[in-house]
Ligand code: FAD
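Take a look at this single chain in structure tokens; it is the form predicted on its own.
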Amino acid sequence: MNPQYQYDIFVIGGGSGGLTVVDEAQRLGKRVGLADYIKPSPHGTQWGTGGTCPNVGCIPKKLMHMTALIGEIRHELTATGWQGVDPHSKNDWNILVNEVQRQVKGINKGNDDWLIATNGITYYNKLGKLKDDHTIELIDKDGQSEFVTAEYIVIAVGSRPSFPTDIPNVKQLTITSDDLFSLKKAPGKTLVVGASYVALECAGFLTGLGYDVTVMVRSILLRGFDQEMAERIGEFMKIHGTKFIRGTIPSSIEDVDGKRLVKWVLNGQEQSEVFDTVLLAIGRSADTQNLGLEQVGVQTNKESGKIIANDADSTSVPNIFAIGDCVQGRLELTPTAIMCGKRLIKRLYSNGNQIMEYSDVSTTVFTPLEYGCVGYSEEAAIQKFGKDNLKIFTSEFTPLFWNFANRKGTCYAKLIVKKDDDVVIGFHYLGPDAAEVTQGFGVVIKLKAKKSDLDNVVGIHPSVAEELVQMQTWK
């Protein structure tokens, strides 16, 4: 411990990555400080500790997604003999939001209780700003400041939804995922602008909850993901009631008696429609404004605001580190920020040498037809290895229960295999319980298993996962 500083390590940002750094450091007996302050959305929405994931991201999103899937079962209950079920029953938005927020606030309370009760941690519900490479200014809600010092500083401030710059009053006329999960009034007829996983997930569960939903897409769905899988997601969503407008973006949004008149140009013709709600999901920007980064010499990407850090999470200032969504080139996923934080502390204090590996990270998109993947997309694999050097195995199938209950649609799986060594370098699955299926196959990819290894696995029958160990058809 360096006595010239108040803290051994100080963290700005109390999301998943920041809290992990705090936890790991205090376990090693370090003096730890944490500053976390939630800046309200343009509509005034605020939340508690924990960052995006438990408050306005993974957790409430998954709860609403699961609620929509439960709604599907109403129809299947009748088809499979259950009596007295009303397949046309409605979801009560206010009850759903209250229950989601009850879960969220429970997580907040757990975080708060832990921060207060744990020796070695000092928690500041204040906005952190760098004054120099070892000094942090802490600003409270009334604008009052105090200053603290630390040997090491970790920036883990995450990201916030982006807004277009060419539509007047767009922040007042639209909402984002920062607002949706605590929205006081049911969204009603909704336009979702964007093709990100956030856009498609929100559009999917809103449709499933019974709302009239349209997705406006500038170009492709799920940029960066396997495009065959992305298009199949879009087709499945269409079958289940979500509408799509492809190849355009809003040119204007106006308030008309409390509703939103949206105009756009498609194929040279101006079109318009009135919606109750416009939900923007066009990407996210690093929440690094007014942190004092330039003042102390921390380099950032001028367009995105993201911090430039090396593989060891070091910024251009040697004792200042950055992890999570606010860093250039990092995956915007909670589990990667958590593992990154753990490894950073081990390198700083426990003679660790592992850096965070961002390749072959499993993830799932919780659209109505869930999509799990790990490794290369087909496009990325072809670009890296060449089409002639790959075997692309595919399988289209219908789960047993879907046939039994007359559910619309099919599922799909894909394995990407290198011809020269038979190693599986890409896994893609569209179907029920995608996260549960994909997590196990993530180990397969990490261990560089071969297609022949999967062929030697006896499948579990009847299951959807057995399709992945029985694939013989390739493109």
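Given the structure is predicted, the values throughout are model-derived calculations rather than measurements. Counting begins at 1, following the sequence as shown.
Quick note: we don't show the form predicted together with the named molecule, though the next part is all about it.
Taken together, 68, 204 and 234 are entirely out of contact with the named molecule in the predicted bound form: none brings a heavy atom within 4.5 Å.
Picking from 251-259, 77-85, 141-149, 330-338 the stretch near the named molecule in the predicted bound form, with a 4.5 Å limit on heavy atoms, gives 330-338. Taking 63, 38, 28, 449 one by one, only a single residue has any non-hydrogen atom within 4.5 Å of the named molecule in the predicted bound form, and it is 38. The partner is absent here, but in the predicted bound form a heavy atom of 366, alone among 376, 393, 275, 366, sits within 4.5 Å of the named molecule.
Within 4.5 Å of any heavy atom of the named molecule in the predicted bound form lies no heavy atom of residue 434.
Residue 291 belongs to the set of residues with a heavy atom inside 4.5 Å of the named molecule in the predicted bound form.
Looking at residue 51, you'd find a heavy atom of it within 4.5 angstroms of the named molecule in the predicted bound form.
Within 4.5 Å of any heavy atom of the named molecule in the predicted bound form lies no heavy atom of residue 442.
Along 126-141, these residues reach a heavy atom to within 4.5 Å of the named molecule in the predicted bound form: 126, 127, 128.
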